[in-house]
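Shown here is one chain on its own, the form predicted on its own, set out as structure tokens.
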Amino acid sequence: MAETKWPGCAGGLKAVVLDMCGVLYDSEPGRTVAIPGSVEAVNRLMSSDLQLRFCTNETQSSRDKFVAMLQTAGFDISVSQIFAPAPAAVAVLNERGLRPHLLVHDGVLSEFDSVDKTDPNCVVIGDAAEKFSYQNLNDAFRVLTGLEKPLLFSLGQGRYYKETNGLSLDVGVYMKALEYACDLKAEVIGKPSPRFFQSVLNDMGLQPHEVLMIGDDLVNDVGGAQNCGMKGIQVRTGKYRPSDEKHLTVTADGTVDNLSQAVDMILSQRGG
């Protein structure tokens, strides 16, 4: 077993926030594959006195369909427990009276049904997978360059994620391309945005020091949580790479082999 670091903060915890892809499961087209021990680990947290939320940058399916896939994989999770970028983006668009040009996966389009998309005055991009064609990126580029005050919203800024057949490019790569081409800075909705993490804290009615984030992404999960005052634990599953622990700008408060080990440590410190 790899050396394990742990911050020793579980005694004062009131809640745990979990990343999903790479922590609970690995993905492949059309289904999810639970990481060994993760279903049982989630059940143990749900049976404890800790609040539990799930914070994901998943943007290839609506929350209803996403939860259905998770339940098929064995997870007893409800839509109300999941915080995802698409509904957060809809709230921002409605607050600001914006009409988006969407470059997103077909599976998440239904989340934007309530939004006016005529005569776009901004662009929203998510993990569009095969829809990240030259033509579609160029269409988004043309919308942005045709606006007096171009606005680009990105549903996350991940570089890549883990699928069962290997690593795949994430939305952040294409976000950076549009930023460069249009000479602008995207507004990120999703991890590691402080607003996104704060919405989870607000939902639970807790302060940052009372909450622990567990994820496989050192920058978006761990760093994003730490920037809000939470503790951030990295698991050695999903997109984790050994070089992560030598990252110069973000250092996890703890690093463990998997979610099951993290839950063991949390509950043992709490006497559960």
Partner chain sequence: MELNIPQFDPDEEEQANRKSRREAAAEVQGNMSGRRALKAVLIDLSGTLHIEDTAVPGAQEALNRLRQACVAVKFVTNTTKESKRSLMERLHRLNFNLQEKEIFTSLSAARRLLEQKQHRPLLLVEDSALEDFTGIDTSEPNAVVVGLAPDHFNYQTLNKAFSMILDGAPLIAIHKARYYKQKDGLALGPGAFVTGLEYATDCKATVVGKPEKTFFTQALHDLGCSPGEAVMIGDDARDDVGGAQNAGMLGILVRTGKYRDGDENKIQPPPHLTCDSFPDAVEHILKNLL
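Rigid core: the largest C-alpha set superposing within 1.5 Å between the two forms. Only a predicted model underlies this, so the values are computations on that prediction, with no experimental measurement involved. Positions refer to the first chain, counted from 1.
What comes next is about the form predicted together with the partner chain, which is not displayed.
Here the chain is shown alone; which of Ile82, Ala186, Cys182, Val90 has a heavy atom within 4.5 Å of the partner chain in the predicted complex?
Looking at Ile82, Ala186, Cys182, Val90 one by one, just Cys182 meets the 4.5 Å heavy-atom criterion.
Which one, Asn202, Ser78, Thr72, Ser168, lies within 4.5 Å of the partner chain in the predicted complex by heavy atoms?
Residue within 4.5 Å of the partner: Ser168.
Does the trio His209, Gly232 and Lys246 actually contact the partner chain in the predicted complex, every residue with a heavy atom within 4.5 Å?
Not a single residue of the candidate spot has a heavy atom within 4.5 Å of the partner chain in the predicted complex.
Looking at heavy atoms inside 4.5 Å, which stretch does the partner chain contact in the predicted complex, given the options 94-102, 192-200, 169-177, 117-125?
Every other range fails; the passing one is 169-177.
Looking in the predicted complex, any heavy atom of Phe153 within 4.5 Å of the partner chain?
It does not: once the partner chain is placed as it appears in the predicted complex, Phe153 has no heavy atom within 4.5 Å of it.
Can Phe132 be called a contact residue for the partner chain in the predicted complex at 4.5 Å between heavy atoms?
Phe132: yes, in contact with the partner chain in the predicted complex.
May I ask you to check whether Phe141 falls inside a 4.5 Å heavy atom distance of the partner chain in the predicted complex?
Output for Phe141 is yes: heavy atoms within 4.5 Å of the partner chain.
Is Thr164 part of the interface with the partner chain in the predicted complex - any heavy atom within 4.5 Å?
No, Thr164 stays farther than 4.5 Å from the partner chain in the predicted complex.
Taking the partner chain as it sits in the predicted complex, which residues of 151-166 have a non-hydrogen atom within 4.5 Å of it? Please list them.
Residues within 4.5 Å: Gln157, Gly158, Arg159, Tyr160, Tyr161.
Answer yes if the Cα of Ala86 shifts by 2 angstroms or more between the shown form and the other one on a rigid-core superposition, and no otherwise.
It does not reach a 2 Å shift.
Please state whether Phe75 has a C-alpha shift of 2 Å or more between the shown form and the other one, with the rigid core used for the fit.
The answer is no, as the C-alpha of Phe75 shifts between the shown form and the other one by less than 2 Å after core alignment.
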